[in-house]
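Here's a solo chain for you in structure tokens, the form predicted alone.
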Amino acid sequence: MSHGNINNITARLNAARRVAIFGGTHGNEMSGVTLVNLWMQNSAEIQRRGVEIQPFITNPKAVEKCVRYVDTDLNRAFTQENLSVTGGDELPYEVQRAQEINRMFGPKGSADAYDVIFDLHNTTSNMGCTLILESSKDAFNLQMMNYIKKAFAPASCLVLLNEHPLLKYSTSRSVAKHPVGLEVGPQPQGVLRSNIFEAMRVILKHALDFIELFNEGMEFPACSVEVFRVLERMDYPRDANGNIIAMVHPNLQDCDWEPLNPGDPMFQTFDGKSIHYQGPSTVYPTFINEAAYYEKQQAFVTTRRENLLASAIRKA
């Protein structure tokens, strides 16, 4: 891979002065709900010099009921259409909420939007700690993720890049200039596991440390960041009526981020037959058998491993 002139150019970026931490975008993902509630009572742990940090419960009705959402998935609701539609109380709850959040932390795509939003999620899949990146061109987020990965070592924190034109979705964090998703699992819905809670807390600490260092003028040299780029959404095999007729194969279950090669088993029918992966090349599946994705007709997503180059950055 050619490095070009990337090593010679330092991107000058504005300081990140306004940061939000979202919990409860999905009301049954308990690590973010619990951490944000904790920090709303006492924010000492998340304070950093020269930064205004706002912990915020995004979907309070879903949190109250301990469900993913009330009317519609808030983490898919931030489309331009939803953000501009009129209808007030007649609109689905999460669409009303998306408009409120956009007013408070956006407007999306504007100069007034918050600099960074961290959106805290849990997965039932065996993904470990995952940072979700929405743009391969976001040097600030790439540098932050590189910093977090190094600070978190020897524990693993992987980066999932979702900028697929058809599979990318309109997240609550997309209101910010630099949106960061944090996905930690495995953890069942409605359950709080101490190891998952602590991992999320530590990753957020490193992220906020990075922002403080950047704001204080530290230069971060050009670096290469390994990412897993979303390729394809794989559904369960179904019959003519749309009913699922096979499960994730035992050889694939819990093997998030491990290579899936052409010919490897990926599903097992109820009578024990294997269905094999027919793709042209090795992929790295993740979100395997995620509970929340049955309704979205998704058994897992496939990804490709890549290295992205991030230019050097410092505060303008």
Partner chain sequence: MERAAIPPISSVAVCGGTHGNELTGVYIVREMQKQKLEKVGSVSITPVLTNPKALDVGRRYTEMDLNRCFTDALLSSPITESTPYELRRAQELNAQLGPKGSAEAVDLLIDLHNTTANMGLCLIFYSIDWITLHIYKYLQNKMSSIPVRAIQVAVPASDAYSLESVGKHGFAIEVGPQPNGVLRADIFNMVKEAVELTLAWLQEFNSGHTFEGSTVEAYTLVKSVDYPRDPAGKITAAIHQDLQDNDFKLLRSGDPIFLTFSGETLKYEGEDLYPFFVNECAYYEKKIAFHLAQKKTYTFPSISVKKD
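A quick note: this is a predicted structure, and the numbers were derived from the prediction, not measured. Numbering follows the first chain given and starts at 1.
The form predicted together with the partner chain is left out here; the points below concern that form.
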Exercise. Should F197 be classed as touching the partner chain in the predicted complex when contacts are defined as heavy atoms within 4.5 Å?
Worked result: yes
Exercise. Is there any non-hydrogen atom of V248 lying within 4.5 Å of the partner chain in the predicted complex?
Worked result: yes
Exercise. Can Q278 be called a contact residue for the partner chain in the predicted complex at 4.5 Å between heavy atoms?
Worked result: no
Exercise. At the 4.5 Å heavy atom threshold, is V191 in contact with the partner chain in the predicted complex?
Worked result: yes
Exercise. Does the trio L38, Q41 and A291 actually contact the partner chain in the predicted complex, every residue with a heavy atom within 4.5 Å?
Worked result: yes
Problem set entry | Single option in T124, N215, S174, N146 placed near the partner chain in the predicted complex, where near means a heavy atom within 4.5 Å | T124
Problem set entry | the partner chain: the contacting residue among A151, M104, V85, I244 in the predicted complex [heavy atom, 4.5 Å] | I244
Exercise. Which among 278-286, 63-71, 48-56, 257-265 is in contact with the partner chain in the predicted complex, heavy atoms within 4.5 angstroms?
Worked result: 63-71
